[in-house]
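Below, in structure tokens: the form predicted on its own, a single chain.
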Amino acid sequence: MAMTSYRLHRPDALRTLTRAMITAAGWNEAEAKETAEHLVLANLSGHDSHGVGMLPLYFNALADGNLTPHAKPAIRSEAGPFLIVDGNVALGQPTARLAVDRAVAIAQTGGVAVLNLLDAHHIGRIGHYSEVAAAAGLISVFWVNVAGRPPIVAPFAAKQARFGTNPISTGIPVPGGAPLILDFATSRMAHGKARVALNKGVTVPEGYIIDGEGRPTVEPKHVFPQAIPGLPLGALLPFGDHKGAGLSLIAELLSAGLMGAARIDEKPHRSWIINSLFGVLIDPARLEPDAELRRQRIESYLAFVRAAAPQDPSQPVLAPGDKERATRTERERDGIPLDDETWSQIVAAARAHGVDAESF
């Protein structure tokens, strides 16, 4: 595979471009701002799979009529700590932020909130919502499914895909400090990370993907139907064998299955990416009212963990969220790298709505 080149983009320029593209396509300024902030923060965090490279996919869905600026979320029910929101396949980032913000308010008042967001369009990096909850002083656990497209992750011991990448995120606030944010796909790699590898023209590590015959491969093209026309689609493998596969199955049922939202086993539409989210938000002050004690207990344990002797002295032991914060500092300073293929897709999507991406 030939390596493609990349160039660095200023975060502010990408935010401004994203807002311009989304408003040009018919969404309002608030929706555009929330989406731009979310996508660029994903890039800044080193999660390019969930950054501005998603815009061409959103605009493909718009062109197909599967995503429209007119779709808006609606609260189906709110009773005690329970909040159920119909996403109505509306633009995902502002839809999920509205739902999480409402759940935050419920948890701050009553100590806990249980949220089910049904059938939003792609809601982006799930850790983003754990960060939102943590900034409000709340513990959070989120489970998400991926529907509207073919299954892409094989169950343990299977040759065929049956799951989405079904991410899970947990956030724990640290009073006066940076929160712990654990966010991962239940597959060994996110599908978006395979897309980044495909666009860059690089292989993926062994043990991450099988081809359509169930054979191990390092070629990311096997999990993208458009890259292997006429061949059966391969699959990503779950992390931790039966453990990741089991978590994926639970995520599907908690987020979508119980409430009858779109599931991965239903006939996919052309270019939808539908997410449903199940979340529990908890006010830690209800568990331990003394914020200083909470801080001391968390930080003393983190210090113990980080003091473990590293296998490689150049790779210190990290806590969840450490790497993302370090990458944000670096990319805010140096810029966000986008490979040429991803950038050309963004330029084309912008041009279709009268926006010149190269001028930003």
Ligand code: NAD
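The model shown is predicted, which means the values in this text are computed figures rather than measured ones. Start at 1 and count along the sequence shown; that's the residue number.
A second form of this protein, the form predicted together with this ligand, is not displayed here; the remarks below concern that form.
Novice: Taking this ligand in the predicted bound form as the reference, which of 140, 275, 95, 248 has a non-hydrogen atom within 4.5 Å?
Specialist: Selected option: 275.
Novice: Identify which of 190, 112, 259, 218 has a heavy atom within 4.5 Å of this ligand in the predicted bound form; exactly one of them does.
Specialist: Partner contact (heavy atom, 4.5 Å) among the options: 190.
Novice: Do residue 30 and this ligand share at least one heavy atom pair within 4.5 Å in the predicted bound form?
Specialist: Close contact is absent here: in the predicted bound form, residue 30 is far from this ligand, nothing within 4.5 Å, heavy atoms only.
Novice: Going by a heavy atom distance of 4.5 Å, is residue 326 a contact of this ligand in the predicted bound form?
Specialist: Judged by the heavy-atom cut-off of 4.5 Å, residue 326 is well away from this ligand in the predicted bound form.
Novice: Is residue 335 one of the residues lying within 4.5 Å of this ligand in the predicted bound form, judged by heavy atom distances?
Specialist: Close contact is absent here: in the predicted bound form, residue 335 is far from this ligand, nothing within 4.5 Å, heavy atoms only.
Novice: Within 4.5 Å, heavy atoms only: does residue 133 come near this ligand in the predicted bound form?
Specialist: No, residue 133 is distant from the partner.
Novice: At 4.5 Å between heavy atoms, only one of the stretches 98-106, 282-290, 221-229, 119-127 reaches this ligand in the predicted bound form; which one is it?
Specialist: Only one stretch qualifies here: 119-127.
Novice: Taking heavy atoms and a 4.5 Å limit, what residues of 155-187 are near this ligand in the predicted bound form?
Specialist: 165, 167, 181, 182, 183, 184, 185, in sequence order.
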